[in-house]
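A single chain comes next, written as structure tokens; it is the form predicted on its own.
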């Protein structure tokens, strides 16, 4: 983990209300980045102390040869709003890499990914890693409407991309977790990232349809990880092994270990 100053090189609107923010990053950070990890961005000038705390964002993608990292930012609140308001050429203060990562088992060949909202970010990076390893990937993404979905052009062509919308404007009419039973017998592993209610629904669906503990399910929880080093205790997750910090012990956890 290190702190560095990044220069914003590009910004692009996605998913209706979010932005892809691309900035420069040290080569060693880019080569070390893995799906599921995150960075903490200081949402203010260094000489100002409001807002005080950093904001966590999953790594959406890296381009080591170009020295660039991309994060997906939803401008909810002053922190996210300040970041997306930065112009190209602006400098931002970044701390990372932070947290653990998704773990693809050596014998897995079929991966199911279930995302909601900004949970699309780490799963997209995982899909790219899996495709590079020539694994089969199905990516399920849910949103309120068609405009809030990730564009298919962002998804590797080798990935089966299936969407669900609550208003039925694209793909399946309903919740993304409704689609999961169709893939559980095919999948060796399931990876998920999204809001809390999605996880509760996913857990119910998985427990009702899988055989024993197969496939295993890894979830990246959404918490306010302000310090990023386990000091503030603001991102605690209750597990069967006690309370864990999301920023250090997570944000990726085995679904069966989390106390829901």
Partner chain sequence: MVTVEKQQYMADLTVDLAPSNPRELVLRNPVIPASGCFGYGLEYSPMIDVQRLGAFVCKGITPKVRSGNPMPRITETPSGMLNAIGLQNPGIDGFIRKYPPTWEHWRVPAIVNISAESVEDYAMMARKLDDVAGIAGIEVNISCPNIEAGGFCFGWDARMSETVTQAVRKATTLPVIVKLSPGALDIMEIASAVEGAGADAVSLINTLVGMTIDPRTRRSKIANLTGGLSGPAVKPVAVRMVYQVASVVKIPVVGMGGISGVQDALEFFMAGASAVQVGTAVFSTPSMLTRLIDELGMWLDSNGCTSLNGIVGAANPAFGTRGESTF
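Numbering follows the first chain given and starts at 1. Keep in mind the model is a prediction, meaning the values are calculated, not measured.
One more form of this protein should be noted, the form predicted together with the partner chain, which is absent from this view; the next part is about it.
Partner-facing stretch of 22-30, 200-208, 218-226, 58-66, counted where any non-hydrogen atom is within 4.5 angstroms of the partner chain in the predicted bound form: In the other structure, the partner sits against 218-226.
Contact test, all of 35, 110 and 126, partner the partner chain in the predicted bound form, heavy atom 4.5 Å: Answer is no for this spot.
Residue 173, heavy atom within 4.5 angstroms of the partner chain in the predicted bound form: Although the partner chain is absent here, residue 173 would stay clear of it in the predicted bound form, with no heavy atoms inside 4.5 Å.
Residue 243, heavy atom within 4.5 angstroms of the partner chain in the predicted bound form: So residue 243 counts as contacting the partner chain.
Proximity of residue 133 to the partner chain in the predicted bound form, heavy atoms at 4.5 Å: No.
The partner chain contact at residue 214 in the predicted bound form, heavy atom, 4.5 Å: Flag for residue 214 set to no.
Within 4.5 Å of the partner chain in the predicted bound form: residues from 56-78 (heavy atom criterion): Heavy-atom contacts within 4.5 Å come from 78 alone.
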